[in-house]
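Below sits a lone chain in structure tokens, taken as the form predicted alone.
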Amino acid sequence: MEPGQRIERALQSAVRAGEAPGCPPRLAAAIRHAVFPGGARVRPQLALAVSLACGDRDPVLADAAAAAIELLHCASLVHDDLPCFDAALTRRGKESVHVAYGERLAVLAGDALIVMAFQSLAAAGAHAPERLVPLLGTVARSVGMPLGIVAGQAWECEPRVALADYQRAKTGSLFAAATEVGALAAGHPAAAWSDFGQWLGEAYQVADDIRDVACDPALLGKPAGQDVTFCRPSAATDLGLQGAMAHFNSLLRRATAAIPDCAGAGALRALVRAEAERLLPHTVTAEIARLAA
């Protein structure tokens, strides 16, 4: 089964587990709206790619870990879109959860997705507690304090923040967790994979900053110009578009260099190249060059 199919199957299983008889139907619908259809699923794809590179010794656990990472990402998007943060009307090309279901259900859906991530991972890892414990710790660290995605969102509430600290927490932490859980699920140490995920995650955030300035909202699937509107830290603002592009390419080189020596290293390097083209296709880089001319 292809990684994408494995991810969708694991996500469907996790969501269905929360839809038992007696659950609030509108909350269940809001959760489905947040998860399906997905975006590129890059974080869970990364987790499975690392697991495969490490031998994929426990596919059930790897799938659950990948799904947990995606559920936490979806939760962060639901909360990011709320009126108290970005007040975004669209996400992934459709109405954001708070627009479709109201603010109260959006808050609860985000909360439920966080719990669902840990429930599904714990259920899948019951047969391998020696791997489950570090998996749960890794995932929790990537979303909580002091350096997880919650901290990254909180930096937007501070009067000033270093751009690298913001990007490392808001985006890099969950990417690092994706690479780490892929290794852990396969029975390999996580530490060797952390830098790969961290650098790739920071590159992803820089690309998002560039796209927020240079791309049409229809391409983004969400409103553009949000960083300037909400005075958020941005590589495009701090470095300019050309400087941000140079920084993006530098981070990609660091990510590629950080891939450990393994049988799947070539496939992982190909994944990095494909993500670079997906995030900033030639049409976008050409537009940046035109604007700078």
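Position 1 is the first residue in the sequence shown; the rest follow in order. Treat the numbers as computed from the prediction; the structure is a model and nothing was measured.
From this point on, the text means the form predicted together with a further copy of the same chain, which you will not see here.
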a further copy of the same chain: the contacting residue among Val133, Ala164, Leu89, Ala191 in the predicted complex [heavy atom, 4.5 Å]:
Val133
Would you mind picking the one in Val213, Val99, Val150, Ala186 that has a heavy atom within 4.5 Å of a further copy of the same chain in the predicted complex?
Val150
Using heavy atoms and a 4.5 Å cut-off, decide whether Gly4, Pro59 and Cys262 all contact a further copy of the same chain in the predicted complex.
no
TL;DR on 89-97, 110-118, 173-181, 198-206: the one with heavy atoms within 4.5 Å of a further copy of the same chain in the predicted complex is 110-118
Do Leu52 and a further copy of the same chain share at least one heavy atom pair within 4.5 Å in the predicted complex?
no
So in the predicted complex, does any heavy atom of Cys23 sit within 4.5 Å of a further copy of the same chain?
yes
Answer yes if any heavy atom of Ala17 is within 4.5 Å of a heavy atom of a further copy of the same chain in the predicted complex; otherwise answer no.
yes
Using a 4.5 Å heavy atom cut-off, state whether Val143 contacts a further copy of the same chain in the predicted complex.
yes
Determine the residues of 76-102 with a heavy atom within 4.5 Å of a further copy of the same chain in the predicted complex and present them in sequence order; the list may be empty.
His79, Leu82, Cys84, Phe85
